[in-house]
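Only one chain is given next, in structure tokens, and it is the form predicted alone.
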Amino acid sequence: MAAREVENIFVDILERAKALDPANTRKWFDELKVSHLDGGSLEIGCPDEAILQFLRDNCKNSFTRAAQHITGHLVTVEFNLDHRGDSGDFAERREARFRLHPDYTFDNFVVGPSNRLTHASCVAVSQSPGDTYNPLFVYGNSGLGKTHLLQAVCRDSRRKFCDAIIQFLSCEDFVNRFIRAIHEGELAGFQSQFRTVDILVIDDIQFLREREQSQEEFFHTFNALYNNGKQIILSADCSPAEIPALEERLISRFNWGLVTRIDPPSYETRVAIVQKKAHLRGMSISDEIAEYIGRKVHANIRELEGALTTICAISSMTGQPITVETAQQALAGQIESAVRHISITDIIEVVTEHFDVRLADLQSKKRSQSITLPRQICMYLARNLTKHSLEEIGGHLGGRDHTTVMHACSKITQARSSDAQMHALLGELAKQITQPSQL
């Protein structure tokens, strides 16, 4: 196959993958390169490890479905590091150890009155770890950007100090590793691993509560790092003093440095966040749409992103451009402080009512067209409107495996692109599912 033909096919695959999975679509998809396409195998080159891990974790199914749809053949998809570009940088390649999210950088963080001090302190720490604010304790409700900032510190510190040893993990992971080290008689190795780092970053440290032995271990780890001038960064959903059953000596140490809080974003910041998230996905939305979402969704950044995902998904499935009317339709009936959670049950109820079939029939082994079609539509809608895995979707519909769900999604995608009536039907069903008042 000629190189130009392969590139053209890959462009079509990218566009199809974006349409199939708008929630995980990113602007940097355009930086991906096709390394190999032949004999049912597609290899995609990624510019760095963070992008590589993101694609492997979130996008393999959508790229596989897209490749099979465009080529008309069974295709296996693999993502690999593209060593032809600048990705040979040692610091970049080591980021994968922490599973850093490619979106979580300082450049992608929207600064406003609610987070300005926290952002500034994280930037300062990344530029001079161990010297500025030590420890740095960041707290606030879920979904306000704590993890984003912690990962941004890791990324920038890695680039500025290539030889720095950094550990980034959740508190739950720290506790589980500690327990495993005790059981396996490897406590000395565990202590060496965490007490000799240059930067220790632990997310959700509040889970140390009521874990006396883990608190004892972390107390000594903290002291060893602090006394050696090593940077400690912690996050929690509340201030140190508000963490239940946390030892006073740990509360005292957490307060030694800077304790900074992130609050819910203001309206102006919410609008800027929506615009930033849309830009990262390569979406073009007007200021009017961003302002509508900013007014509709108040609680946190995750819900703003969820609203944007819902709007993008409805637009993609109905074939309508993203307008204020599309946004109103997608978010209709939602409580202003939270984006409605769409469940597989919601989808099944709408589909079974439309086709006048029973759930028991969808879950059965019946293969008549009157049952197979609504079953496949359920799978397609669940794949596009929820975050459930292929296995979870199949489990709701009679314990079917992931290949059956993939086949169903491929069939409905093909039907939608070639049949105007199917296209209209899917749009109408999606509208009903996302508007609870019509259920």
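Just so you know, these numbers come straight off a predicted model, no measurement behind them. Position 1 is the first residue in the sequence shown; the rest follow in order.
Separately, the form predicted together with adenosine-5'-diphosphate (ADP) exists; it is not shown, and the next lines address it.
- Contact annotation for R155: none of its heavy atoms lies within 4.5 Å of adenosine-5'-diphosphate (ADP) in the model of the complex.
- adenosine-5'-diphosphate (ADP) is not shown here, and in the model of the complex it never comes within 4.5 Å of any heavy atom of K296.
- None of the heavy atoms of S252 is located within 4.5 Å of adenosine-5'-diphosphate (ADP) in the model of the complex.
- Within 4.5 Å of some heavy atom of adenosine-5'-diphosphate (ADP) in the model of the complex lies at least one heavy atom of V110.
- Note that among 351-359, 177-185, 140-148, 68-76, the stretch whose heavy atoms approach adenosine-5'-diphosphate (ADP) to within 4.5 Å in the model of the complex is 140-148.
- Across the proposed site, R16, M379 and T413 without exception lack any heavy atom within 4.5 Å of adenosine-5'-diphosphate (ADP) in the model of the complex.
- Think of it this way: in the model of the complex, adenosine-5'-diphosphate (ADP) has a heavy atom of just one of I273, V201, L225, C171 within 4.5 Å, and the residue is I273.
- With the partner removed from view, the residue among K366, R302, R159, R209 that has a non-hydrogen atom within 4.5 Å of adenosine-5'-diphosphate (ADP) in the model of the complex turns out to be R302.
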